[in-house]
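The data below hold one chain only, encoded as structure tokens and taken in the form predicted alone.
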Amino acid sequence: MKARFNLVRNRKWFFMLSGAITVAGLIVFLVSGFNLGTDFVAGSRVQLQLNQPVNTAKVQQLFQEAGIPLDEGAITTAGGPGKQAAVVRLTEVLTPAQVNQIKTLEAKMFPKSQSADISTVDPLVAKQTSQKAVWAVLIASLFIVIYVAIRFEYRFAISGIVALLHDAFIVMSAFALLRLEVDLTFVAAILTIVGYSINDTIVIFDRIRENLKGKPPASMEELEEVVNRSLWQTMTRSINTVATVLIAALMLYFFGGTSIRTFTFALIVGLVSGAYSSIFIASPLWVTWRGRQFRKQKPSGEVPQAN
């Protein structure tokens, strides 16, 4: 694709945009935090497949008769346009007797419903799951840094990781802002986004490296020109890749069912953010860092060699 705009020279605007999004995300975290699912906090999750439009008051009555108090907003509806399923989140771990009572009352009050799907997580398991989720993301990021540092150079690796953190943060901010439930599928989506984003970024880094081999830049302006040209050379490939993956993710979101909707929504947000950061954040960040060498250039006119 022909270069029509100097992406690298105007990088400060993209940095400012990402900075503003980051600040907004931090404010959302401080004010609202995450809406953690039962995978990360102790409690129970009851899904009632009613096979009829959900009457929230009647579902609430079921739990009142079972002697189980519900918090405000504990009942949510699901099941597509018909809203024939109710999901109830409880902060307490249900006992076997309470589970049996819920199923008995369900059969009595909702004759068309299937048997309730009830899952519980105790505090120890919730804590272990949270720790494993954090370790999974950190270890994945560490191996990516090592690989990119060996394959390219450490500045590419750090710039790529900053872009990855940017993508993960955008997805987390969207979930915090929309109060969407964060569960294990969310972690799976974050790891998928990390893999996709770094792949797209490496393609651009590889083109930059190839273009630097021909004629190493002698000034900051030449370095910006090489990177800008590399970005536009890979632009068509980047847009086509994200568009095709995005179409598949959108189809999964609308037709894949409620059980994977959290995963696909995180994927959609992450794909858009990943494409943006690969083009507008990772490489311009590397240019800023790499360009500092020119300021240290000796008066003799020695030109630093590209790695």
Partner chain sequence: MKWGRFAAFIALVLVVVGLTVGTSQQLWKSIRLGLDLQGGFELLYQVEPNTPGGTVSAQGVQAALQAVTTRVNSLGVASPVIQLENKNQIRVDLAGTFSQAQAEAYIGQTADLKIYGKATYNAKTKTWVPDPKTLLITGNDIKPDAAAGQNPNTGQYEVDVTFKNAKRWQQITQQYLGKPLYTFLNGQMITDPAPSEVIYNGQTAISGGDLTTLQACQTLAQELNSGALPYPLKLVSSTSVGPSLGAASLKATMWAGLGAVALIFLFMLLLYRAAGFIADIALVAYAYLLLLTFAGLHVVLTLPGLAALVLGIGMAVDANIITYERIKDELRNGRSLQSSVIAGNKRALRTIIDANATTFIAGAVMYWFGQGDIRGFAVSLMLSIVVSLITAVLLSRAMLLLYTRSNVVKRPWWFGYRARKAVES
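Given the structure is predicted, the values throughout are model-derived calculations rather than measurements. Numbering follows the first chain given and starts at 1.
Separately, the form predicted together with the partner chain exists; it is not shown, and the next lines address it.
Interface membership of residue 185, defined by any non-hydrogen atom within 4.5 Å of the partner chain in the predicted bound form, is confirmed. Although the partner is absent here, residue 219 sits far enough away that none of its heavy atoms falls within 4.5 Å of the partner chain in the predicted bound form.
The partner chain is not shown here, but in the predicted bound form it comes within 4.5 Å of a heavy atom of residue 244. Contact annotation: residue 170 falls outside 4.5 Å of the partner chain in the predicted bound form, judged by heavy atom distances. Relative to the partner chain in the predicted bound form, residues 120, 196 and 240 are all within 4.5 Å by at least one heavy atom. For the partner chain in the predicted bound form, the listed stretch (170-178, 219-227, 98-106, 68-76) containing residues with heavy atoms inside 4.5 Å is 98-106. This chain lacks the partner; the member of 252, 27, 41, 272 within 4.5 angstroms of the partner chain in the predicted bound form by a non-hydrogen atom is 252. With contact defined as any non-hydrogen atom lying within 4.5 angstroms of the partner chain in the predicted bound form, the contacting residues in 186-225 are 187, 188, 191, 192, 195, 196, 198, 199, 202, 203, 206, 207, 209, 210, 213, given in sequence order.
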